[in-house]
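Structure 1 and structure 2 below are two forms of the same protein chain, each written out on its own as structure tokens.
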Structure 1
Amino acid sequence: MATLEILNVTKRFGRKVIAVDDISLEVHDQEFLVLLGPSGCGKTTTMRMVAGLEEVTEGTILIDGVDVTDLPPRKRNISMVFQNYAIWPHMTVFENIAYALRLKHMAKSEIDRIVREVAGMTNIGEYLERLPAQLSGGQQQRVAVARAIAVSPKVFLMDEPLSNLDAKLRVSMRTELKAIHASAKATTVFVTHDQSEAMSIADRIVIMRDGKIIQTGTPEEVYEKSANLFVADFIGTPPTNFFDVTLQKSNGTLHLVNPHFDLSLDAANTARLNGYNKEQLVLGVRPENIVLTSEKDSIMGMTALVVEPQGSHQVIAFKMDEKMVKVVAPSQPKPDMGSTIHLNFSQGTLRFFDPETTFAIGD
């Protein structure tokens, strides 16, 4: 496979619309990289420029060190899997996979070997004589993936390939795509707006917003060390809870004070905030890091508004002023709706943000 480099790339539509704004990114050999962000953030436009389907306004795209910025798609040695599969309805599965190989005038025996190899890799070997209309959505998606792998591309591009599948099939196909990626030893760029999908399959995630790259990191890095309020809110289900707090010092100890709680910080968090010279900050706490505790160990007591059993865990919601706060807790004990729950924060996981810049503090 190959490396992919995107160097200071910008895409403008007309004079006013900047879809991609001076981004730089390197995709490593055999890496599974996910471009993640809300609709309109520039992720699909970025992929289309890599594929050669959109012209680059400024910047350079390199595949294995070779400048492909101005090359047509057919000369870039890439394969793309689309949201709508884009497989030929009048051809059998075998013919769909073999089509691009025949255009290369390969020997019939070699075509047969490759088709059966990639069909086995994608678990569609028993469907080679069927037409697409005789397949389920998941099976059709596997055909599209097999066809893309068959030509041994340097870079494998996937544009929201699972979005047309039902929820259960999407989850199972994530696992299969990751396994196929490992078998094919592909360098893969995958576009999605679904953060749980990105977290489950990516080696690294590139989070985009308004045409810019906001943060790049492993799933663990973007989850546990979100670079700003947007990332902390966008990544995670349920999302991060945010509290406006005042930073106060008492007897050498830093406190985060909110109308509903007074949190005395431990030594590690005190050290993280030592260089912060403002009174106000935003405290970010993941739902699983708000812990149910006894009354004597709690920093606040709140009324359980909704309790949602999830089998392995439960989601408890309470209202703080006008904001809904969610807690992910073990499945037992289960509080009654309307009862008082006593809560504390897991201090090793707290995140601090500057309310003006929105950037993380203390990293």
Structure 2
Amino acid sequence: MATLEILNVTKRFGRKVIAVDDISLEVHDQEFLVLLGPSGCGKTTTMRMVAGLEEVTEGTILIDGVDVTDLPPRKRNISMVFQNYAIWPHMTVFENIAYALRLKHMAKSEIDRIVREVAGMTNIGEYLERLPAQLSGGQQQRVAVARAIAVSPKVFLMDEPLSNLDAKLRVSMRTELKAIHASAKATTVFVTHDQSEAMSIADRIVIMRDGKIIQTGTPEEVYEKSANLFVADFIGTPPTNFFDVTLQKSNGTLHLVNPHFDLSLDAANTARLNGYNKEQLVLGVRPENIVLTSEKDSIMGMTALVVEPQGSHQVIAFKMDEKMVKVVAPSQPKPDMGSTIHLNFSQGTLRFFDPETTFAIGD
């Protein structure tokens, strides 16, 4: 089908606002790529530039190798699900879906066939003659999706299409979208600021912040190999725990020392920190990588402040230097609130960050 390339693209509004700052990105054929980032980081702007709704200040956008930077939206062979759906209130569901096909001068029977097919895929077949005002939010959203897939575009853009739905519908629509993608196989760019949504749906995630791309990778990569403090904090619930530690060397092993613990690193981790010669370091540990152990295997004993059973697991929180640290542990054994828990880190998953640059070290 198609590839999408964004090359050194910058977008400025006026002189001061740089909404998108020199980003480059390649979306592979049939890939489901998620643009993820906090509010205001430039996700929508990027999408709108790909769609041709926003002029590119600098840079080039290629679809299937063809420069579309200066083409109007209608010549780009894309389709889009808008954040607020943007379904046309004065047209029936059928007309909404058929409009784009009519613009392509398709035969009536062909239009009819396609509309019914995509309506079936999105489960809105029974509402075709209704006006959008007579549909629920979730149904409207599916009309927007149906309209977008009907045109079989080269690139399929979705700007936070699920953000207006309630939690349950959101999860089920997520699965449906993924299924639709699996059958339609359109190259897709999906925008969200919800990291768990991104993790569950993406082939690859692009993390943006302040108009820049911070990291690109599969969900596993951005989770396990977060490129900097921001990503490690942004991805995952509960987020990564960070500890400010001092590097100390004694008899050939490295120790990460903090008023509460003294962690001696294994050989592999020591090797990772070989080239690092600053004294301070930020240690990042995912909540599931802090393990409850017996007192003798532990590096610290803390007071369990909150214990939240979640069924399959439990979340235990304790306080260290005014900061909450969260631990995800198997549901048994269950410590009492207020009791002392003994903890250690699993060495294979430790993350190290340079406190000055915030970047990860030792990857």
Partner chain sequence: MNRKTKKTVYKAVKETIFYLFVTGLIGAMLLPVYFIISLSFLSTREAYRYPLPLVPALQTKFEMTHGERGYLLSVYDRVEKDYQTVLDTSELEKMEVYIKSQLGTSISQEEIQAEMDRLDDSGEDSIFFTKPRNLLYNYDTFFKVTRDAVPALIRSLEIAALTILISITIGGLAGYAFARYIFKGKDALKFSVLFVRMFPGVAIALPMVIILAKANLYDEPLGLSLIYSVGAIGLTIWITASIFMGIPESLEQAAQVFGATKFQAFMRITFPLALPGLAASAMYTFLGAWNETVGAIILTQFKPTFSVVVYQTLLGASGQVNLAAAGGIAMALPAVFFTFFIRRYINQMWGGVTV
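What we label the rigid core is the largest C-alpha set whose atoms superpose within 1.5 Å from one form to the other. Given the structure is predicted, the values throughout are model-derived calculations rather than measurements. Here, a residue number simply tells you its place in the sequence of structure 1, counted from 1.
- Structures 1 and 2, same chain in two forms; the form predicted alone is found in structure 1.
- Superposed on the core, the two forms barely differ at A198: its CA moves less than 2 Å between structures 1 and 2.
- If you fit the rigid core between structures 1 and 2, you'll see the Cα of L292 move by less than 2 angstroms.
- For S136, the Cα coordinates differ by 2 angstroms or more between structures 1 and 2 after the core has been superposed.
- Once the rigid core is matched between structures 1 and 2, the CA atom of T92 is found 3.4 Å away.
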